[in-house]
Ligand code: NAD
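As a starting point, one isolated chain is supplied in structure tokens, in the form predicted alone.
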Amino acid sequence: MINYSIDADGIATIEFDYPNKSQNILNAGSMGAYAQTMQKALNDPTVKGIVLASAKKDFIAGGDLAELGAATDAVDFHRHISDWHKLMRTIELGGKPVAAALGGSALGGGLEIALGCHYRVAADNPKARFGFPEVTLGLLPGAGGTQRLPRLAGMQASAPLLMEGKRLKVADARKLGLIHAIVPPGEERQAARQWVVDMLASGAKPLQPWDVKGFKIPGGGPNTPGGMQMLMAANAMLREKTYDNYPAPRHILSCVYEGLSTNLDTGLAIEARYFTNLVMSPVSKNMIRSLFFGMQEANKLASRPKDVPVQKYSKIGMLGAGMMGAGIAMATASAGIEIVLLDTTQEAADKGKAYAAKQWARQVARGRLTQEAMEALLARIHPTASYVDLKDCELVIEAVFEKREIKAEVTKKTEAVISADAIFASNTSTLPITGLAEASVRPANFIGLHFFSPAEKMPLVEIIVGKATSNETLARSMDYVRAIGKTPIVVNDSRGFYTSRVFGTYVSEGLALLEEGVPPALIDKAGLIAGMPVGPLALADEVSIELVHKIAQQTRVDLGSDYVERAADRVASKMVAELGRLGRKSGAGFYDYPANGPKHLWQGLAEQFPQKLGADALCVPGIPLRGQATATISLEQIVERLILVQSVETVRCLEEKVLRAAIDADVGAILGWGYPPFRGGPIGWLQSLGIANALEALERLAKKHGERFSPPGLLREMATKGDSFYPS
């Protein structure tokens, strides 16, 4: 785990070499071994100086998230991190020069270890990155990062790394002071050793900048005019962006303000307390489980059927050159795969390629893509109106209008020209795959690949398995999703599948609140405060109220006498059929979209959906509705409804075996429609509440608002047995 050697000049080399892993990580074992080895070197009189290095291509990838996620003893954890701080201060003040040789990336705790050395030299490695990604998982740099970084670079320059998890290339890290020198790859150890030799020859005592008398924080500390202005602005921006749902960036600001107002040792003690608080919080555990382990499992295709050879794709077909089809074409071409982009006319197909050209041209203008690279990407997209051009495609995806007749027609035309083992996939968002596969002569090769708009950017693909879909088709489809750099979740067939079905409950609940007389501004603000990226009414406008209305109409036809009308159906019908307000695409929905100004709520909403709550009661619990002395509403109640309606429908999807695993639900929700990560996902949120508490809340909501909140049998059974979705 730690390799240790001393050369003839008394220079010790301490080398991280975590066994059976491609990268070094920090956990109780590796940190303990490092502490023991470093203390040995510091206490050995024959050791004059120390070089810290790695046997891997990178230095250290960061902390062991499995260990952090499993931590439950706050007292023990705080003692452990405090001991680590003491070790790093012993290194800094021990009198022996310590230099870090960084051949590759140093992230999180790895960078903190490097910052605790007197000198840092990095290889000129274009793939190397330096930064603190902890905030993206609900944590903060807890090994001194919040204290050493701003003392090196200043508070203003440190903010993007600490608050946003920004990662720097080696040249930028050098400019910021994280790195002292950059050398050709392979020379970093020798350069680090030479610095140690030179320092010993000089006779000077090695000290960190903050340990030198008269040290001042670059740009000023928190109590200077510039520092106070920076902290006030950062605090305001943080509240506006996160609605205070994420404690990590707030705690980071507190560490900077409180820690930099005093000496380093006190600042480290402050950091240790905030770090312990975050590690023990449900927010970090939710984010680690869903955003790290859940994503990792999905991206590794853990659920891929075994014993199916990996499919390598060279040519894909895309039916429909609208925004969705063009976006899928962009993602495919970016993966180095040829794509045939087919539409009803050559002109329509060319427009799809033009959409791709426009998007990539923006990247060229911003310096993120070269003109030559853009031309190479465009050369892989082949617009056409002829089905014959699909002949050699291993996979064809349709993204045509959501009508069974049209989808059936393109299925038959495609299967007439593609090979017998080629896959046909539908990008439908609501229509059951098993029903669509009835138009296919080879339903075993028919599958659903549900992309999200804009397809070139959105990371999730929902793979829908029909009743006749073979395991081979599923495995090969997962290979395609991985090839284009997307994250897949696999679900079984049903109406709306998982994502559209549950995502729709959020919009529907917002429309139900509107019909009840809740002010529309409060509904959308509650959605934002709940952590959703967009309020439900604004979201209905974006996806199109007309689409909501058409789905309701199709559902009515399909279910016949079993169809139960919802408040959302009535609201959408009134907006579309009676008022002609289709959403943003028509310039008129719940919001107006003036050509020369920002969008704003349509003033006619109050007339069409009378508001029964006074403006003075918008965010105050317990205020009676006008004309209904016994009815009350509050911001908290609205948030609860908007969030729990998603959770209860997700449990139904698990109970009905639409979802194959709880983690798929959480990963799909976060990546698919922007469910707030701090809640961990619709299932993760029930885990945070506790199953018994969640059951009680749903029973209360069902009694007051209807069957849509009624707890499924699965949840009742779990509460009775004391079970949970994830290990506690």
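In case it trips you up, residue 1 is the first one in the sequence shown, and so on. What you are looking at is a predicted structure, and each value in this text was computed from that prediction instead of being measured.
Omitted here: the form predicted together with this ligand. The next part is about that form.
Contact with this ligand in the predicted bound form, judged as any non-hydrogen atom within 4.5 angstroms, is confined among 468-476, 313-321, 265-273, 96-104 to 313-321.
Listed residues 428, 505, 158, 284 were compared with this ligand in the predicted bound form; 428 is the one with a heavy atom within 4.5 Å. Screening 402, 592, 516, 640 for any heavy atom within 4.5 Å of this ligand in the predicted bound form leaves a single hit, 402.
Remark: residue 136 does not count among the residues lining this ligand in the predicted bound form, judged by a heavy atom distance of 4.5 Å or less. When this ligand is considered in the predicted bound form, residue 370 lies well away from it, no heavy atom lying within 4.5 Å. This ligand is not shown here, but in the predicted bound form it comes within 4.5 Å of a heavy atom of residue 450.
For the chain shown alone, residue 387 is a contact residue for this ligand in the predicted bound form, at least one non-hydrogen atom being within 4.5 angstroms.
Contact check for 49, 53 and 192: none of the three has a heavy atom within 4.5 Å of this ligand in the predicted bound form. Along 333-360, a non-hydrogen atom within 4.5 Å of this ligand in the predicted bound form is carried by 342, 343, 344, in order along the sequence.
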